[in-house]
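Below, in structure tokens: the form predicted on its own, a single chain.
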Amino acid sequence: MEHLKLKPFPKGFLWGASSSAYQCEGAFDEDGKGLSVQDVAPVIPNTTDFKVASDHYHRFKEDIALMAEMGFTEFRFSIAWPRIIPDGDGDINPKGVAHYHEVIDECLKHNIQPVITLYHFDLPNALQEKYGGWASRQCIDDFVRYCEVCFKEYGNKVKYFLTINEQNMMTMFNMGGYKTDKERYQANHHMLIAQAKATIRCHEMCDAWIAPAPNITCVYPLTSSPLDNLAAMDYDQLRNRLYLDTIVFGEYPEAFKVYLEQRNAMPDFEEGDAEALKNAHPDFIAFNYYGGSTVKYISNEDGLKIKENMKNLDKANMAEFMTGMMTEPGMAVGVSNPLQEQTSYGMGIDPVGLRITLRQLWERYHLPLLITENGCGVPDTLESDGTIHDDYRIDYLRKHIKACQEAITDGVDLMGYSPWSAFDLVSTHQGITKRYGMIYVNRDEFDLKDLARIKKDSFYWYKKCIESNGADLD
């Protein structure tokens, strides 16, 4: 619907941006930190590793001061599990604990609420080598113990915790390298139980809100075909509801549960699992959004052929590889939306889809919502006069913030907007060349240069937006 008048953003709306430890901190082996799976993962050709990244570990005070200058009222960042417990299940590292106290205190000094992600892809590599990481139920207990350390140390300072970042992406794209769907969904189940138990412990140990943080989007059918519409419904259960119904309602989505059972991929439940899911009541929902998803129906036979062909597919052929990863035989296959604008890296630009997603989440779960990622990742040019003119990023942010205001007018309870990212980070697949920040980090893939922080045009635009509480988007 088209509104004749938009509601203002609510008083106390959280304006900020997001980051993750392994993509920005650097200092990968300093002050007792253990290695994460990201530290030992093969480096994608022609991109940097994460050893230095944006050097935020050493420059966090400078970075937070710049965020304060923009007017941030929140900063979403992650704690690195192997910096707190280097081997994942052994002794606590006091230097790691002290570092995040310093970061949190620096945020609070500037009246910035820290929003802490407990797990953002950086599993301690020692646990991966010891028992296969999330493939083992032991990872549940080790994750909960790590979370308890964080709740004990930081729970009296932090109002908002997030459990696991983009668990659905880890599962859908098989980031664990599991050989069968049964193994893949069993590992996913272990994460769901770990998340539920961590949520329960948060409520028992501290006066803070806690939420899941999946990557969520509306799902469009490619055509008006009834089968494509059914495919979109089913894909919504696979992509979104499997990660939210379980934590909010304590149940696997009905139709997708049958889908898994018929393919011998339904995970095994052990005693206490169902109870944990039922007793984990998140206080809000955090989610990352990068454009709508579009699917069409695919038969079981055709889908299995695509999966079989993937075994011999060169991963350098990213388009075909992604099609294979987004194929669920007998359900749906992800396709490009001819009506959706895209960035130069092929990511969707779909502010209407953000409004739809906000509406769908609010109308299904009726929990406050926090956008924890949304951004425009493209190369930026540092001009000879030291400026960065990123009008494309300003346009992207403007449209998505307007969509937030439209959703608020629709009746959605939206807590805040925390796009990706405050300053440039190392992208997981495209290195530092794919930049999201409103603050430029002066380095390239292999030359660290001086790592200076330089304000982009979007820095000044977002500052103005925040000062007006979202009223001035010009």
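Residue numbers here begin at 1 and follow the sequence given. Note that the structure is a prediction, hence the values are computed from the model and not measured.
There is another form of this protein, the form predicted together with 6-O-phosphono-beta-D-glucopyranose, and it is not shown here; the text below is about that form.
Partner contact region in the model of the complex: 419 to 427, out of 61 to 69, 419 to 427, 26 to 34, 406 to 414, criterion any non-hydrogen atom within 4.5 Å of 6-O-phosphono-beta-D-glucopyranose. Using a 4.5 Å cutoff between non-hydrogen atoms, N215 counts as a contact of 6-O-phosphono-beta-D-glucopyranose in the model of the complex. E373 belongs to the set of residues with a heavy atom inside 4.5 Å of 6-O-phosphono-beta-D-glucopyranose in the model of the complex. Contact annotation for D380: none of its heavy atoms lies within 4.5 Å of 6-O-phosphono-beta-D-glucopyranose in the model of the complex. With a 4.5 Å cutoff on heavy atoms, N165 counts as touching 6-O-phosphono-beta-D-glucopyranose in the model of the complex. Only one of Y396, F121, Y297, F256 comes within 4.5 Å of 6-O-phosphono-beta-D-glucopyranose in the model of the complex through a heavy atom, and that residue is F121. Only one of W209, Y100, Y290, Y185 lies close to 6-O-phosphono-beta-D-glucopyranose in the model of the complex, with a heavy atom inside 4.5 Å, and it is Y290.
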